[in-house]
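Have a look below at one chain only, the form predicted alone, in structure tokens format.
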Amino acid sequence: METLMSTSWFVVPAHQHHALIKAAYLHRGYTAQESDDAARFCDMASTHGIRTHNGIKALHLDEHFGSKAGGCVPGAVIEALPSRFGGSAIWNANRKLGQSTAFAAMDEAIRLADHYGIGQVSVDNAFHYLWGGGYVMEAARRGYIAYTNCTAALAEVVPFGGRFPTLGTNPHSWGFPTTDALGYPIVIDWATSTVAMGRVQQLKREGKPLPPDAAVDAAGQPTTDPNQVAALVPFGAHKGFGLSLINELVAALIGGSLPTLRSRPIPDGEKRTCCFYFQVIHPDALSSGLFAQHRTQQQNLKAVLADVFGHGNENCTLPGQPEARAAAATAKAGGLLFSAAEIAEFNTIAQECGQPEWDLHSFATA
């Protein structure tokens, strides 16, 4: 994540950003609710400094694999499939917009957790929901433990020891209700590739190199040039590969087809859609009540965090802390923060949907 010291940022009013993103989705045929969900998600990503999955990335994904390519169907209706387990919901998304599907699925998992202590929602025939951390963050702010994983729109990661990309970037996202203890939820969210493809696109846009050992070129050789990237590699060698494989296995059990077919032409009888998995746990469902020193559950959570991050570790960075700092910077600036290169991309979006372009010089800087 970039800091305010590394780039000059322009402050775009949140309502102006929301209006443009919503207009872009409406222009592509999405319903008013879907377009609002898409803009809400992009607001959230930009507020928290998630430059790899902001409105530029969302619309790029839709253009190449979504509504223009048949991978996402504006106005699609989610179909709830039969489940013999009370705490489990199974959905056929029918290629509905991923952000709308994910918001609804997390709400359903929370509803189930309120009743059963734990709730899960599996989603087949989905279109990518982008930043999983945003969904678990919202659930954690509401007091729940939340998890989601998904398969990516493309197989663009080589397996450990392999040469051909057969895995997605396959993120995992956890959120924990630590706002009372820390002031913000802990959010543990990562792609299982060394970098997300959105990061490659961002660095290409900004004219910056990739970190070493993050990607390979068409010949399978390591490259730091974002213009030469043909595939990504898992982080942590076999460990990242194993975590990525989890998503493919979960998707296979839900209904997902072959990873190398996603977002690509398919043989008869095959599928090319993503799968989602959501899980929410009510904290009361975990509690033994046997906390030392007669602490409450929340007091115990705070005590454990204080011990982990004490003993000289006070200056370490917690998962979710960079996002919280970015949100604080956004609030201080009074708007969303974008680079000049990003403003130029937003103006391309404005041209597409017939909206006024943004005047770079009209924005304050931070």
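Superpose the two forms; the largest set of C-alphas matching within 1.5 Å is the rigid core. We number the residues from 1 along the sequence you see. A quick note: this is a predicted structure, and the numbers were derived from the prediction, not measured.
The same protein has a further form, the form predicted together with a further copy of the same chain, not shown here; the description that follows concerns it.
A residue is said to contact a partner when one of its heavy atoms sits within 4.5 Å of a partner heavy atom; Asp225 fails this definition for a further copy of the same chain in the predicted bound form, lying far away. When contacts are judged by a 4.5 Å heavy atom cut-off, Gly312 counts as touching a further copy of the same chain in the predicted bound form. Within this chain, Gly162 lines the site of a further copy of the same chain in the predicted bound form, having a heavy atom no more than 4.5 Å away. Of the heavy atoms in Asn92, some are within 4.5 Å of a further copy of the same chain in the predicted bound form.
Between a further copy of the same chain and the residues Gly289, Gly207, Pro265, Gly183, the one pair within 4.5 Å by heavy atoms in the predicted bound form involves Gly289. With the partner omitted here, the residue from Val216, Leu203, Leu154, Ile254 that has a non-hydrogen atom within 4.5 angstroms of a further copy of the same chain in the predicted bound form is Ile254. Heavy atoms within 4.5 Å of a further copy of the same chain in the predicted bound form map, among the stretches 96-104, 154-162, 126-134, 68-76, onto 154-162 alone.
Residues Ala292, Gln293, Arg295, Gln297, Asn300, Leu301, Ala303, Val304, Leu305, Asp307, Val308, Phe309, His311, Gly312, Asn313, Cys316, Thr317, Pro319 of 292-321 are found to place at least one heavy atom within 4.5 Å of a further copy of the same chain in the predicted bound form. With a cut-off of 2 Å and the rigid core superposed, Lys239 has a Cα displacement that reaches or exceeds the cut-off between the shown form and the other one.
Core-superposed comparison between the shown form and the other one: the CA of Asp217 exceeds or equals a 2 Å shift. With the core superposed, Pro74 shows a C-alpha displacement below 2 Å between the shown form and the other one.
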